[in-house]
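Shown below, as structure tokens, is a lone chain in the form predicted alone; questions about how it binds or moves come after it.
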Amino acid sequence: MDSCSPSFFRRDTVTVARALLGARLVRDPENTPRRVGRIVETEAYTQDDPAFHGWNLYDEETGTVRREGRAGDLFAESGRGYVYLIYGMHWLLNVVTEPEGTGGAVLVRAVAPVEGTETMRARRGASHRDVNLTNGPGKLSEAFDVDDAFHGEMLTGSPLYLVKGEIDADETIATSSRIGLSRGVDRPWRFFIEGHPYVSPATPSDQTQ
């Protein structure tokens, strides 16, 4: 599989978030069966977005950026991983977008297993139904063995990378407010394949206010 190049991610973040639907997430480590998932849900985050982790690092008046701390990596070279922990237990996988110096990232929220389902099940627990293996960002990171080791790493080659794909002719891209936010809830930057069983079951933030 030919992975996406950095130039694929060096574009407008919302454009990349839509373009990743139908793409493949590939985990191809040594001595472990390969895992492949088809991306069915993403979210976009930009430097002028109050929900963006690096929002306070960007000064809109001067156009300058303070490259400080972990969130400073959101302004790094496109195609790098931005991985963070929520609730002290779930790693979430993002890929940095936009030209270097401009902040942006796409969260991979859900994938449908294509290859290596048994390995995913071993990671997640045999009691899980297949549809629950990867239908959420924390779930897919556990299934694909994604953790802090991939923060700052290029996601353009083994052992973790993305491959271009497309949605099928009978599939429709839908949008909504993003999930789990208290700020930026008015931005319809969650993209998903409508009706797909592996889309996460969470409620959009503008419906929980």
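Quick caveat: nothing in here was measured; it's all calculated off a predicted structure. The first residue of the sequence shown is number 1, and the count goes up from there.
Omitted here: the form predicted in complex with the DNA. The next part is about that form.
Of the heavy atoms in Arg38, none are within 4.5 Å of the DNA in the predicted complex. Looking at Ala126, you'd find every heavy atom of it more than 4.5 angstroms from the DNA in the predicted complex.
In the predicted complex, the DNA stays beyond 4.5 Å of every heavy atom belonging to Ala112. Interface residue remark: Gly157 is not counted as part of the site for the DNA in the predicted complex, having no heavy atom within 4.5 Å.
Listed stretches are 30 to 38, 162 to 170, 176 to 184, 149 to 157; the contact stretch with the DNA in the predicted complex is 176 to 184, by a heavy atom cutoff of 4.5 Å. Looking at 115 to 147, the residues that come within 4.5 Å of the DNA in the predicted complex, counting any heavy atom, are Arg124, His128, Gly136, Pro137, Gly138, Lys139.
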